[in-house]
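Take a look at this single chain in structure tokens; it is the form predicted alone.
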């Protein structure tokens, strides 16, 4: 069931004029007959609208930095900010020999009213001294929250003094929540600092083995990274580091030696992928390990890049074995899921990645979008030169790199690179829109009003989203699959992950729970009224 232009116009008419003017640019119906369809993204949400986005601090500390297990991550700010970026995400990490693991701890300066009035620099410095004395970490990060930026605490000066005092790396991230449009700004801030001060500081001068790779934009939610590493290592790949799921500062320092960077989540880490290629010459390949067929394609693309008959043979052997093992199980679950429809509105690249897995189960995605995407996540990287830099983006320092005089080297000739680009997504991401069907709805920064209206119009069988909006959807009698941290399940990546996902989704469909829920809007509205100009009722 597709939405019509008439129905979309009726939805816009229910909005205040200011909101309508803004949201028209963020919502579109896929039309393959048009040469290009531009969508507005990475702009501020209209004030007063209930958005599902997070803040820059959440993107920096919560997404990128938090999963690095051998660093202590201090939140300089209120305790609530620290807990949100620690307890709400299921970044798993194993304790390895000679690698410390602090994932079970949340560290915060717990700023109080007096700290806001008199400043919190002394409290932060004292906390650094305390954690060094207690835990002896390899390195420390300090992430600033909104109050810190407002009162002017100089976290960079505190970090520099602590680094000199203790002889370990202390990195300061000015990622105050208001710094950008969404958590995407925090990704960028974290990437810049890691690139400037961590990557390339290790002692390795060459890769430790054949087929050495980095996995970028994989955060080990529910154990995703472990499943991906399982079959990659069996094929013969040598994983230098994962950024940053179950990642370690000790490993990230040597990321410069890899032969290839794999980019799973394009939005959160494409900045690092680009800069490593510029500084060290390492190409990056866009991969997707969500879904059986997407995983198979990514593995074959990797084998094409390395162009080694032995590696290709092993790749096909693993694919054949895994496919024979998991496909019969998935086919059974697909009988329950077949001919269902889904909304897929998730951050990162998941709004795109999970569509293939849904499709393998016989579920059609009729609405998709992202919380914090940029236009290239929808339309592909070719639109990057056309994206205008807004005022919020200027809050992030323009960090540039040059080829490293001693460590830069090309992994292959420019001619070979161009040849490979015609076969595999080397240094490219085509975006989500390309795979959407005509008539499907594409929505950026979906809000709660639109969520309810589109559910009424399209009546999806399942809604894949984040933790903040799933409860609203469930109260409407629709199963909600939480794809930011998977609630209590996972992994969902790779071959085993596809089986887990099929099981959980089919279980949601088979549950009788939804038969006992009658959404209020199916009977009578709880509140009636009209919007006037300026959003006044």
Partner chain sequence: MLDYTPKEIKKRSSGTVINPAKTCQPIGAMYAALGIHGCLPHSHGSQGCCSFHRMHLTRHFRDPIMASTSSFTEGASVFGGGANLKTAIKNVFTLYNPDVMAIHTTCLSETIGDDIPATIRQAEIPEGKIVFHANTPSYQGSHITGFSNMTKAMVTYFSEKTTEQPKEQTNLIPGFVNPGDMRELKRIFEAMGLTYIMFPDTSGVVDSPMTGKFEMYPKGGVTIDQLKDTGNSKITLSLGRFSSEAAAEALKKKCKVPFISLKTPIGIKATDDMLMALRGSFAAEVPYELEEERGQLVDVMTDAHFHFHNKKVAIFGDPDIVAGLTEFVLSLGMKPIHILTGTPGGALGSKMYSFEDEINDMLQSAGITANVKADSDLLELHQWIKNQPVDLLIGNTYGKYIAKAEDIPFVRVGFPILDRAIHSYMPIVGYRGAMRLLEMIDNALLDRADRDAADEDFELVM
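Between two forms, the rigid core is the largest collection of C-alphas that superpose within 1.5 Å. Since this is a predicted model, take the numbers as computed values, not measurements. Positions refer to the first chain, counted from 1.
Only in words, not in the display: the form predicted together with its partner chain, which the text now covers.
**Q** Tell me the stretch among 74-82, 409-417, 300-308, 373-381 that has any heavy atom within 4.5 angstroms of its partner chain in the model of the complex.
**A** Single hit among the candidates: 74-82.
**Q** For the spot marked by 211, 240 and 293, is every residue within 4.5 Å of its partner chain in the model of the complex through some heavy atom?
**A** Spot residues vs its partner chain: no contact at all.
**Q** Report whether the minimum heavy atom distance between residue 440 and its partner chain in the model of the complex is within 4.5 Å.
**A** Contact check for residue 440: no, nothing within 4.5 Å of its partner chain in the model of the complex.
**Q** Applying a 4.5 Å heavy atom distance criterion, does residue 102 contact its partner chain in the model of the complex?
**A** The answer is yes: residue 102 has a heavy atom within 4.5 Å of its partner chain.
**Q** Mark residue 274 yes when one of its heavy atoms lies within 4.5 Å of a heavy atom of its partner chain in the model of the complex, and no otherwise.
**A** Outside the cut-off, so no.
**Q** Would you please decide whether residue 496 lies within 4.5 angstroms of its partner chain in the model of the complex, comparing each non-hydrogen atom pair?
**A** Residue 496 lies outside the contact set for its partner chain.
**Q** Would you kindly say which of 467, 401, 257, 426 lies with a heavy atom within 4.5 Å of its partner chain in the model of the complex?
**A** So the residue touching its partner chain in the model of the complex, by this definition, is 467.
**Q** Consider the chain as shown here, without its partner, and state which of 436, 127, 215, 194 has a heavy atom within 4.5 Å of its partner chain in the model of the complex.
**A** Only one option qualifies, and that one is 127.
**Q** If we check its partner chain in the model of the complex, which of the residues in 455-491 reach within 4.5 angstroms of it by a non-hydrogen atom?
**A** Those in contact are 467, 468, 471, 472, 474, 475, 476, 477, 485, 488.
**Q** Does residue 12 move appreciably between the shown form and the other one, meaning a CA displacement of 2 Å or more on the superposed rigid core?
**A** False for residue 12: its C-alpha shift is below 2 Å.
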